[in-house]
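To begin, one chain is listed below as structure tokens, in the form predicted alone.
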């Protein structure tokens, strides 16, 4: 049996809703000392990995490690009903093909989400990225919004002293330049200059998770490297990967 409770409902709500933006189905993995979510969009252009230690939870009871599939479209509808004052409890009983979600902020509400079978052939990503920067979430989100006004894709050109992001569309071109010494840039490590192109709509979806962390770690490389966005928080992390586009 599994029964885990979260009092930090805003973080859990943001995680579930941001995942649902890109993933129809996800693997929920409960282990002795932590909980993971893995999923990818149907075209496997993007991938998400969530890792939460047992310390993230107010209570954490897992009899034995288990993995099962969850329909994120259904779970997203439940997540939208999570209120700031709610404690969220996830329950899965042995031999029941159901995930029970209990929301309790003084009035208890229960939802049963059917579990599904997954064809879990998700790629494992382990790369040494040539460029990594840590930037304030709100600053980066505003940059992406500016670029999305013009086009549907962004080219990152990363140099040791600056990052240049360019979007081109029928209306023209938008260019955002972030210098290394900008206060919003907390760290910038570039082993070699690199350039890659990515889909902006996916980035906009990823950034809906921005409220869980004040800063983002962005990792990328040249044209064949995926883009990696990592939101870190106390006792956990949310990581998105996005495949590059052709120039």
Partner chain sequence: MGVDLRDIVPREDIEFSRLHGKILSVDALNALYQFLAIIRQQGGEVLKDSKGRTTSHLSGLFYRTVNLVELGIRPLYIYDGRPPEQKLATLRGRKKHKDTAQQRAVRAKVEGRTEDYAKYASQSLTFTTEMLAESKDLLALMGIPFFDAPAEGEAQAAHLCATDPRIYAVASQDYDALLFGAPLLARNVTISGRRKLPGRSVYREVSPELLDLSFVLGELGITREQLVEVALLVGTDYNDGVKGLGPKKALEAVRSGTFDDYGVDPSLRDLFLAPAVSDSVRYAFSLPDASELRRFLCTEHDFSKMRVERAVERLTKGMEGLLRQETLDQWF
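On a predicted model such as this, the values are computed, not experimentally measured, just so you know. Numbering follows the first chain given and starts at 1.
Unshown form predicted together with the partner chain; subsequent notes refer to it.
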Counting only non-hydrogen atoms, which stretch in 28 to 36, 212 to 220, 181 to 189, 45 to 53 is within 4.5 Å of the partner chain in the predicted bound form?
45 to 53
Selected contact from 123, 106, 172, 84, since only one has a non-hydrogen atom within 4.5 angstroms of the partner chain in the predicted bound form:
123
Quick one: is residue 116 in contact with the partner chain in the predicted bound form, heavy atoms, 4.5 Å cut-off?
no
Under a 4.5 Å heavy atom criterion, is residue 199 part of the interface with the partner chain in the predicted bound form?
yes
Contact flag, residue 98 vs the partner chain in the predicted bound form, heavy atom cut 4.5 Å
no
Taking the partner chain as it sits in the predicted bound form, is residue 4 in contact with it (heavy atom to heavy atom, 4.5 Å or less)?
no
Neighbours of the partner chain in the predicted bound form among 217 to 232 [non-hydrogen atom within 4.5 angstroms]
222, 223, 224, 225, 226
